[in-house]
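In what follows, one protein chain appears twice in different forms, each by itself as structure tokens: structure 1 and structure 2.
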Structure 1
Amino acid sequence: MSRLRLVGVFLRLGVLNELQYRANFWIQLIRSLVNLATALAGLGVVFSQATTLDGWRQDELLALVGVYFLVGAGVNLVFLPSMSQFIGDVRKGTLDYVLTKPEDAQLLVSIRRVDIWRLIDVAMGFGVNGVALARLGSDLGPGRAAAFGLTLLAGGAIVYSFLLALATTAFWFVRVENILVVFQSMYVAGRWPVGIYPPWLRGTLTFVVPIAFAITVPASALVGRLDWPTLVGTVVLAAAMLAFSRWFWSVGVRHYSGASA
């Protein structure tokens, strides 16, 4: 079975599972609308007192909010649900059912759970970005679109690698679910460009918890603020983190003692 087909199978299973609880659609819709209203209200308060924030204009920050929703949707659609289940399987010793399957185990633990209603945030993110570009009066030309797509994919790869590395520590530590909760709490800081934070927090959100590469960099590409060194550095970092998380995963698997051990 090809990897794309496997992803499609898990996506279909996730849809079928979630359709059993259709009230979740309305819950997620209300949650997403509240989050969007909160983000827009924050922008309104800031720009009622200033014309720019760390050099970002209001409509540019609106685009950043759109990217914030897009990346957050990707993280909560697949990565966080799957990593949470993976951590639980390690703790209970039931990861054996994954490791004994003929497909790549890392891929399986990364896509096993799909929270399909998070697609609401995907639609909302694209909608906000469309409004932002229209208000900026700028066309998304081929070069800028390519840079945005590339940095968005690279940012997603960086976040995925980071979450996989965090979850892999479950092979050595008993309860690490709270680490994922801490990540979700810090992700909220991505609603704003990292340049507004004090140096220690800016460094944390760039090099420790890579929120800057996941949100600020793609938003910069979308509104035409991105320079080539940052673009190249983001892609190189994504490749390096994917390689590291793969290596760290293989080390963790060798330390796993499951129910059959």
Structure 2
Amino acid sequence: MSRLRLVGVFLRLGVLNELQYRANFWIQLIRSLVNLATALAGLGVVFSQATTLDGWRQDELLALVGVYFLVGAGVNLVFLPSMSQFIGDVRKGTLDYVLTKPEDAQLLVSIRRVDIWRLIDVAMGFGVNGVALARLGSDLGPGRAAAFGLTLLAGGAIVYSFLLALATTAFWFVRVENILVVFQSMYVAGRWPVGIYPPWLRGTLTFVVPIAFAITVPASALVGRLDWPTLVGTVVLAAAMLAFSRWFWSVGVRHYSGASA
């Protein structure tokens, strides 16, 4: 409970401090709009040449773009800025301050920074999903909504775990500022359904860089393409990734403190 409050404090302070820079709002809005526009234009170019892509119709892929924005916004809202700070802290040695706090270090490191402007992307993601559903003319029953919610959470957990594992490498390699830029370029792989890739690459994008998978599944749930095995598999994968990244993090901390040496 008090951990939830801690998250609240970070969020509140993030909002309060950003509101001082109101000019920033416009820059951020433009960024979000450009991002969305290029994503939709990419979709448009593909469907100017074809009517379906690996069995996905245009409006179904629109839902995928929506999920892509939603999960991306969630990650960018807290996790990415926090990991960026974490990597800087390792390099500067100020991580020591985090590790001497009586709170779970992984939690602290994951939620310390908030980029509230990403709420614009959250809104856009929901907007795009709404449009996609309306154009598909299908209504979201409670079962499908639940499946969507569940897989969205699982997808978010998968992406978070992947990001944490990437950032944790800072304990060994110190200078990994660029790894977050890399994450962003990897995240782009989620813009298309994972099914279009050849098997070897699909495996990579499911288990090694599981971003495409994490985004395809909730989108499938939203448009009603999801089957039970995939749903269960996704939840299991999310749990496994969370456990793995937590373990890897603790190995990193132990390495940092020289316990493994």
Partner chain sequence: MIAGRAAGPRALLGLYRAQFAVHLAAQMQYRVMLAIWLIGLVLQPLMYLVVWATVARSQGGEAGGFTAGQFAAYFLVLMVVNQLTFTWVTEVTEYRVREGEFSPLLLRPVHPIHADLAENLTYKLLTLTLTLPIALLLGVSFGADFSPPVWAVAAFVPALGLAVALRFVADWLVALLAFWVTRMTAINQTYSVLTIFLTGQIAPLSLFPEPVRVVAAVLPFRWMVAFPVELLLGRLSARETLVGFGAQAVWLVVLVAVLPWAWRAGVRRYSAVGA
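We call the rigid core whatever largest set of C-alpha positions still superposes within 1.5 Å between the two forms. Computed from a predicted structure; not experimentally measured. Numbers follow structure 1, counted from its first residue as 1.
Remark: the form predicted on its own is the source of structure 1; structure 2 originates elsewhere.
Comparing the forms between the two structures on their rigid core, the Cα displacement of T204 reaches 2 Å or more.
The rigid-core alignment places the CA of G195 2 Å or more apart between the two structures.
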